[in-house]
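Single chain ahead, written as structure tokens, the form predicted alone.
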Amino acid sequence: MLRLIGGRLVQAAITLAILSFATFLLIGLMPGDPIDLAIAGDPRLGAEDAARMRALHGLDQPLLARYWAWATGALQGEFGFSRLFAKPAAEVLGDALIASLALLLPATFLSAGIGITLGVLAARKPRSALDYTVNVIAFAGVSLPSFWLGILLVILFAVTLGWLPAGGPPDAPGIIPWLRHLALPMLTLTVLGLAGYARQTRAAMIEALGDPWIRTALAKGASERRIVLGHAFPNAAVPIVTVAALDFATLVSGALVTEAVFAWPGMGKTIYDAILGNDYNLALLALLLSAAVTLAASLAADIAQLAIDPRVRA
């Protein structure tokens, strides 16, 4: 176990270093820079102003020198200043991360709980009416574009019925305004997310329930509840854990399309704005944080699989 964790930590460090350099290089090679954008937005800025601003931000240095300066600062916990938001990049990212967690965390728990429950119920009686219904729901959730579902929910609940706000963060403090503004994007993400859990759970449970030792348990008089939840589900949990780990990683990377439809200031929209605005300090920090969480979630999934399934340890 310690050898696995140590090896994965070394791989993660190498991956993050390569990713940071590749991202910095790609953003640096994009046409235009923040100073060009500033000049385009304010014609009063002249050539001398542009040169002074480039020197201030280090944009007059070669690309490798700028990356080295950023990397040495990042290793010391200094991630630079966000030129788009005129605040430290870590502060901007902290606000976006809180907004994404407020939206994605409950949506993830709801989609996992509902999807796993539907998958287990469908696997108990394959080719039944319930099984076909769950399959239709799962395929619909996989096939529906998130922007289409989000717009449909806005038209129905915000425009036609007027029950809920169309999007954006709440203006007033309190749990009720937050729940009202979170309802539609959370419903969108839950409907789309439960499809993957339902399909994976159904397939894994049907395979586990078809094993010979299940028939042995039935012959010994074990109840259906004990067989399904006590014997089959733990053996079917390995692929479900993998899906859950990858789903957890999206908590930090955000849901760009859903956040854009509902004007939610989460991580996805922040990363998108940072890349388009050539704000490499903010973009680098956000992408590295997303990659680090994805690698950590993958390691946690491997450890969970070792703990759940003895066959993996063998």
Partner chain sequence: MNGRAWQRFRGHHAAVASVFLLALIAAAALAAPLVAAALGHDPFMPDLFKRYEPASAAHPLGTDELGRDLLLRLLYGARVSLAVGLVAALVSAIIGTAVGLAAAWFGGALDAALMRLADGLLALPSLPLLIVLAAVDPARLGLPRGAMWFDLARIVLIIAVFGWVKVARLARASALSILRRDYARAAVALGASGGRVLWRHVAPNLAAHVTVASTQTVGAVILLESVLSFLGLGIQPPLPSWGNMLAGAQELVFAAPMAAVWPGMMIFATVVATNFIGDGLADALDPRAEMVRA
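Predicted model, so just to flag it, every value in this text is computed and none were measured. Numbering follows the first chain given and starts at 1.
Unshown form predicted in complex with its partner chain; subsequent notes refer to it.
**Student:** Does T242 make contact with its partner chain in the model of the complex, using a 4.5 Å heavy atom cut-off?
**Tutor:** Yes, T242 lies within 4.5 Å of its partner chain in the model of the complex.
**Student:** For P145, is any heavy atom within 4.5 Å of its partner chain in the model of the complex, or not?
**Tutor:** Within the cut-off, so yes.
**Student:** Given that the partner is absent here, does Y67 sit within 4.5 Å of its partner chain in the model of the complex, heavy atoms only?
**Tutor:** Y67: no, not in contact with its partner chain in the model of the complex.
**Student:** Does at least one non-hydrogen atom of R225 fall within 4.5 angstroms of its partner chain in the model of the complex?
**Tutor:** No, no contact at 4.5 Å.
**Student:** Give me the residue from A203, A90, A74, L97 that has a heavy atom within 4.5 Å of its partner chain in the model of the complex.
**Tutor:** The option sitting close enough to the partner is A203.
**Student:** With its partner chain left out of view, which of I151, I214, A183, L110 would have a heavy atom within 4.5 Å of it in the model of the complex?
**Tutor:** It is I151.
**Student:** Does each of A17, L101 and T117 have at least one heavy atom within 4.5 Å of its partner chain in the model of the complex?
**Tutor:** No, none of A17, L101 and T117 comes within 4.5 Å of its partner chain in the model of the complex.
**Student:** Across 279-300, which residues bring a heavy atom to within 4.5 Å of its partner chain in the model of the complex?
**Tutor:** Result: L287, S290, A291, T294, L295, S298.
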